[in-house]
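Okay, here we've got a single chain as structure tokens, the form predicted on its own, with questions on binding and movement later.
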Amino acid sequence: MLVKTFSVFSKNFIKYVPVRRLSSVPTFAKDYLQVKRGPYKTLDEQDVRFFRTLLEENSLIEDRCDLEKYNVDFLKHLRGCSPLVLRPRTVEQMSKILSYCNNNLLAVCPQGGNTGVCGGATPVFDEIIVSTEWLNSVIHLDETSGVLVCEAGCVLENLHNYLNDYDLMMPIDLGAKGSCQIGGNTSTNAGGIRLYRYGNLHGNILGLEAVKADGEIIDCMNTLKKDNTGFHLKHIFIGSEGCLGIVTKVAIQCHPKPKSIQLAFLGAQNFTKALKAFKTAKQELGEIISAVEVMDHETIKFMWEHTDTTSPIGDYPIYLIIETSGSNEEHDQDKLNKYFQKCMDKHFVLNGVVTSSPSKSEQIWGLRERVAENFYKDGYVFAYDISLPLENYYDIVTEMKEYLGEKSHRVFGFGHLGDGNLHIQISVQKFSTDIMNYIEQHLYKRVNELNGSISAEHGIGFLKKQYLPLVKSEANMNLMRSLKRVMDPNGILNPYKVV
């Protein structure tokens, strides 16, 4: 019998005793890898006076307590020592800030919603934090083409809500959408749960505006899908993590909001079976698939312990979330039900539910999207974001469990199966550089051997910088360094990050 919906999340497997929840003070980033401070000037009162004359009084943050949320990263693992946050309201103010900092050798840490997990938005020493949070206006929406023009500080969820009134949607959706900003999404080329359907931001951003380190405003704004006039300079800034310039405005291609959204939550015996279910989904649901996510049993166990929510279908080693988006609910529902039945008949999955209820879908997505926000409850969680060929996708989780043994109390994996992006988490009782090095030297070596990527969608930031040469050739590294020197000769933009 096909199950089309379900009532409530039932706690129908063994309740695990939560591990002891640890609290710890974030480590100062400057001490994390014993980084040496660059040859930058220290902020003084004369500098602060200049910024006060340039910006409104409440655009500066100097109070130590207020600075804390800007100095500490999303996972509460790193802490910077910035004495000042600047919040410009216009691109002209941004330009003058960077021009002054460049002329006076003041290092700058660009920051959006501060939801990154690689330390890319966290100051390492005493860099001035330049926040885009007040550059938050929607400038224009072309309802016919679906092109939205907005400032970099617009929160992703606010853009989703704005477009909802026009039956449009953003091409990107993240668990951190309630606080992440489109400028930060652009600067990290963020992926998210629907990249399988809509592609990454390199393909959806039609134009942007950015400010270089010397204050020069680069206008790459364009709302056309096709424009081959010269080098595509916008792509220099997409994914450059604020090291080449600060994005202040974007033009992004939005998509029609689907009239029919169906969701399947499936339980499988192992990853091999789940992979067969995914392959079948591509064959049976190809034109309407919008997301394919995977979670292992340990992830569900983690969610039970820290949020008291769990699987609606019981206890299985591997779970798949398959979402379809289309224009005909009866057609889409029929296809998804037939797909589910086929997977059951072939024993690719052992159980599952299918729903079109928004509230039930939200509950299922909550299992997946709320994982990261609860990491801090599980001791110290090393969170890694990698891409692997699908045949090796989950093997790395099993391998890391065996490799670590009793050195960790939890190793779990979930991710965007549709695009080969795996998030592997390793939870330990207490952070140490020894355990970090023990994990990363093996993990990244194996990822490289398997022809994977050490960063699928989170960037390099501060935490992965030392491993970038492992996966990039010397010629590639030299070219990136050369581009950095051309765009930011004094190295004031997000120093200690990426290259």
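The first residue of the sequence shown is number 1, and the count goes up from there. Note that the structure is a prediction, hence the values are computed from the model and not measured. Superpose the two forms; the largest set of C-alphas matching within 1.5 Å is the rigid core.
As for the form predicted in complex with another copy of the chain, it is not shown, yet the points below apply to it.
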Check whether Asp345 has any heavy atom within 4.5 Å of a heavy atom of another copy of the chain in the predicted bound form, and answer yes or no.
no
Consider Leu33 of the chain shown here, and say whether it contacts another copy of the chain in the predicted bound form, taking contact as heavy atoms within 4.5 Å.
no
Are any of the heavy atoms in His331 no more than 4.5 Å from a heavy atom of another copy of the chain in the predicted bound form?
yes
Given that another copy of the chain is not shown alongside this chain, does Gly120 nevertheless sit within 4.5 Å of it in the predicted bound form, heavy atom to heavy atom?
no
Is it true that Leu60, Thr299 and Lys377, all three, sit within 4.5 Å of another copy of the chain in the predicted bound form, judged by heavy atoms?
no
Going by heavy atom distances of 4.5 angstroms or less, which of Ile236, Leu105, Leu350, Val138 would be at the interface with another copy of the chain in the predicted bound form?
Ile236
Using a 4.5 Å heavy atom cut-off, which residue among Phe125, Trp134, Tyr196, Tyr339 comes into contact with another copy of the chain in the predicted bound form?
Tyr196
Please determine, with the chain shown alone, which of 176-184, 226-234, 79-87, 400-408 has non-hydrogen atoms within 4.5 Å of another copy of the chain in the predicted bound form.
226-234
For the stretch 145-179, I need every residue with any heavy atom inside 4.5 Å of another copy of the chain in the predicted bound form, listed N to C.
Ser145, Gly146
If you line up the core, does Phe414 shift 2 angstroms or more at its C-alpha between this form and the one not shown?
yes
Please check if Arg368 moves between this form and the one not shown, taking a CA shift of 2 Å or more relative to the superposed core as movement.
yes
Once the two forms are fit on the core, has Leu320 moved its CA by at least 2 Å between this form and the one not shown?
yes
